[in-house]
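Below sits a lone chain in structure tokens, taken as the form predicted on its own.
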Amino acid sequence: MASSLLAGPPVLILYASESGTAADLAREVTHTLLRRRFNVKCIEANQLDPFTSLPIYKTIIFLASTTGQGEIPMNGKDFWRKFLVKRIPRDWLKDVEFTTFGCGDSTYLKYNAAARKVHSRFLQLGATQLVARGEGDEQHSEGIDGLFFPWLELLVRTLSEKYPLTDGLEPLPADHLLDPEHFLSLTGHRQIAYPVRDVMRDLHVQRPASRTFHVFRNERITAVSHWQDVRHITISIPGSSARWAPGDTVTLLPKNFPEDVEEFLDCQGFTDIADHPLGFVRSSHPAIESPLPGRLIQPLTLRTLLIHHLDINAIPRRAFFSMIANFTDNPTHKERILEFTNPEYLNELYDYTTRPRRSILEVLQEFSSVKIPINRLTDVIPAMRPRAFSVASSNTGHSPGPAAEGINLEILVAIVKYRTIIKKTRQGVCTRWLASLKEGDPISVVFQHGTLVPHSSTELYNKPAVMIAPGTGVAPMRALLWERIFNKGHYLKNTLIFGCRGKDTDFFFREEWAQLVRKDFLRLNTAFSRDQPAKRYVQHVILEQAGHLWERIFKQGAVVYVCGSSGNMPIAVREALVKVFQEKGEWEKEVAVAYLVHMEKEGRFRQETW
């Protein structure tokens, strides 16, 4: 696009994303502004040196999720560290206008803390707020999008008024097909011979710091009669070739199943060329970097690309519909697809995609006239993103896993499988793949430092621990317990409040807890929600154990860990703790709430929910 046709000064869009949501929203902002004819550059925050680059841009938009204990995601930490340097002058960004958007979950005490910190820092350095900070909330009835799109609409309107187009130019329509910046092409017309027998099992994407180990055991640990299949997966780590700490995670890159890939190839008319060699061309100066890794799977064909790199089972975003509207010659299909791109029909988009968990593959099968050109596949289909799982074993080798040479890496995985209004059963892409793994299968992992547990050298680590962990939230607590016991024995006091549906259905690690209780390493309290007429949850146990918890938390200075699913549980736990403080401390509610906030600031209330 010629510079004479561009509106306003260059716009820089930065993102720091943990699970990919902030990155997706950054792409949405980028494409929207490109259609408004702005000169846009969108990159991951860590890829930019703030000292040399920030003042060059007059308009900066920063999108960030919040991870851990109110922290910036890993791909924004380097940027944030430099951005905090004290010697930066207070008027350094006086000529910059900016705004931020946060992706958060209001069940966390530090809701959208990352975006708030970044926003405050821009103001401290003299930047002018372009529009108010936007804060997306997973608990909103329409998810993050419910607050994102109104914020985006305000941002676009503000920029358009400030930098109007000249010479009678108009913005490009929402379904305008932007020029590709990265594209695929066939490089041969003959099927290739794959070097392995199973291109799903035996090929792995090479990620930075990834290491390949082997599955030692994949065991279901819920009763066969129980509705939820939860797996205790043990990965054999030879010798001492890997180190981790309690609270750390491993990220796994899932794979699409061959049968799903076959359906995609069939509905797009690619079956005959599925195994022909492909080339991937990257632009040297793109408006937005490709989300695909620097090293693609080899050999690269449509089949291996779809198995390992493109998430055909993702829930489509609004931008997806803007793209595919260009690839149909069916007027009825096109009209319906374009309705989903209209902000006025955000509720309809949510009801069609997010609420029933309808996948990209299913949308393409329903709108069968849509045929995506090969060179547009990586623009239209989102990249497969790694999923993180808390490590459930101690690196000391003293957690009582199955005997194997070396140290076992263990994870606890709830297999996602459920029904919606759509007939076909919904299955999680990653957990479905994990459930299929057998003994001896290779698995590629990346270790990632967590923030849930303080470092073992700190005073916080050595304080008594109160662990509140329903369901699979007990995984990092198991790693922490065994590490504390191995290092300090009876010196450290441990309380575990565990919740599940039933004593005989999903009471994870039941025998281990009994062993630790007998040896006086652990005080255990349980909440089995379905084993009696009235439902009983961890928050009820907190109230029942008010005296013990007051002694542990207030008098002994215990650190409280809350792990498990987000939603009502974290809120109910906080409310229960406040009631304990009110009752035992004889405090007013405001004082009790303030004490819990103070605990969090001290690092003595730590939450990790998903």
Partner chain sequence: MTPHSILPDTAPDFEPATTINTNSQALVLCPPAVSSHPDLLEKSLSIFDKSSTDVQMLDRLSLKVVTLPTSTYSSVLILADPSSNTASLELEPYVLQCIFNSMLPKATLRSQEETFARVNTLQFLVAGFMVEKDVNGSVVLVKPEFTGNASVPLKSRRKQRVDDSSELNSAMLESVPTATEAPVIRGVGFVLNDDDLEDDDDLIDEDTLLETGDLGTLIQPPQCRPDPGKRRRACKDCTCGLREELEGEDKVKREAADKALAAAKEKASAGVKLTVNDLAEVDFTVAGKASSCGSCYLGDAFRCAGCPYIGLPAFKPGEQVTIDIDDDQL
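Residue numbers count along the first chain shown, from 1. Worth saying up front: this structure is predicted, and the values here are computed from it rather than measured.
Missing here is the form predicted together with the partner chain; even so, the following discussion is about that form.
For the chain shown here without its partner, which stretch in 520-528, 410-418, 205-213, 301-309 has non-hydrogen atoms within 4.5 angstroms of the partner chain in the predicted bound form? Stretch with heavy atoms near the partner: 410-418.
Contact residue in the predicted bound form, chosen from 251, 341, 462, 124 - any heavy atom within 4.5 Å of the partner chain: Of 251, 341, 462, 124, the residue with a heavy atom within 4.5 Å of the partner chain in the predicted bound form is 124.
Report the residue, out of 445, 372, 267, 113, that has at least one non-hydrogen atom within 4.5 angstroms of the partner chain in the predicted bound form. It is 113.
Since only the chain is shown here, I'm wondering whether residue 135 would be in contact with the partner chain in the predicted bound form (any heavy atom pair within 4.5 Å). Residue-level check for residue 135: yes, a contact with the partner chain.
Any chance residue 95 has a heavy atom within 4.5 Å of the partner chain in the predicted bound form? Within the cut-off, so yes.
How about residue 52: is it within 4.5 Å of the partner chain in the predicted bound form, going by heavy atoms? Although the partner chain is absent here, residue 52 would touch it in the predicted bound form, with heavy atoms inside 4.5 Å.
Heavy atom to heavy atom, is residue 489 within 4.5 Å of the partner chain in the predicted bound form? Residue-level check for residue 489: no, no contact with the partner chain.
Establish, in the predicted bound form, whether 171, 185 and 291 all lie within 4.5 Å of the partner chain, using non-hydrogen atoms for the distance. Looking in the predicted bound form, the three residues 171, 185 and 291 all stay beyond 4.5 Å of the partner chain (heavy atoms).
Going through 546-571, which residues have a heavy atom within 4.5 Å of the partner chain in the predicted bound form? Please give them in sequence order. Contacts from 546-571: 565, 566, 567, 568, 569.
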